[in-house]
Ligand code: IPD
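The chain below stands alone and is given in structure tokens; this is the form predicted on its own.
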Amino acid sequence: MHPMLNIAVKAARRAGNLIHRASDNIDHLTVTKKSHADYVSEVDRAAEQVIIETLLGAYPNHAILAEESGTQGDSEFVWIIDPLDGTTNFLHGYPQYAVSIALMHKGVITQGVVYDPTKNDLFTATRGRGAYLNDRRIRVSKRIELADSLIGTGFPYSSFEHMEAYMAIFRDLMQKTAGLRRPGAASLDLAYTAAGRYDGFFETGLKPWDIAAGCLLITEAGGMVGDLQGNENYLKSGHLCAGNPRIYEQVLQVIAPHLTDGLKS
């Protein structure tokens, strides 16, 4: 395992242990509402702290971009961290949430970890070396027909400016696929796409820390990632389509007629 990935895994497991312990005691947590349907708990903050301490302990000169604490430092190496993706699920005791850690070097994602503490599932990738689930190599699915495909997504939850376009895409895909799923943690949805559990995925309005690690998992598993027009602007725009190469193209075709200016990157 690449040494930088090794440190990221250590950080993710430490955070995951903290989250797992806290999950037994959800009713007593301090929770703050950041905006409509956007919550942060003391667990998010504690998990983020333990991740940052672990990463900077090994690489003190690296920069950090983290959901709760924003940007720290200035370096060509930037760690992009979501300490608890799926906070709303976590706060309801719904066991679908993850720790997401990615390393960006000179604007390119080179390491990615998505860790699911409830299932002890560790998804990892290093650029050019493939994607893994608990040390087993993973690949995107082999399905070639959209009609046979299971597609992951996430509903808009705090910003509703693209609601009409999203619902039109959702309605079309509902009729053209074997099913749509939205469990509520984008990092895990992307990891599932990399592992072939979904054939494709799309969502609007995501943040870099939701998707940085998951996107590397998918490309390293042989899949495709782009914005809703199939371009490479997804980390910036937060509008994302992903999947195995055949299904990715077909999902983009369904999306195309519904693109508004705001969804074009």
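Note that the coordinates shown come from a computational prediction; the quantities given were computed from them, not determined experimentally. In case it trips you up, residue 1 is the first one in the sequence shown, and so on.
One more form of this protein should be noted, the form predicted in complex with ligand IPD, which is absent from this view; the next part is about it.
Proximity of 67, 84 and 182 to ligand IPD in the predicted complex is complete: all three residues have a non-hydrogen atom within 4.5 angstroms. Residue 151 falls outside the set of residues with a heavy atom inside 4.5 Å of ligand IPD in the predicted complex. A residue is said to contact a partner when one of its heavy atoms sits within 4.5 Å of a partner heavy atom; residue 48 fails this definition for ligand IPD in the predicted complex, lying far away. In the predicted complex, ligand IPD stays beyond 4.5 Å of every heavy atom belonging to residue 160. Within this chain, residue 38 lines the site of ligand IPD in the predicted complex, having a heavy atom no more than 4.5 Å away. Between ligand IPD and the residues 63, 224, 206, 58, the one pair within 4.5 Å by heavy atoms in the predicted complex involves 206. In terms of contact with ligand IPD in the predicted complex, the residue from 99, 140, 186, 103 that brings a heavy atom within 4.5 Å is 186. Only one listed stretch (127 to 135, 85 to 93, 107 to 115, 143 to 151) carries heavy atoms within 4.5 Å of ligand IPD in the predicted complex, and that stretch is 85 to 93. If you take 235 to 259 and check each residue for a heavy atom within 4.5 Å of ligand IPD in the predicted complex, you get nothing at all.
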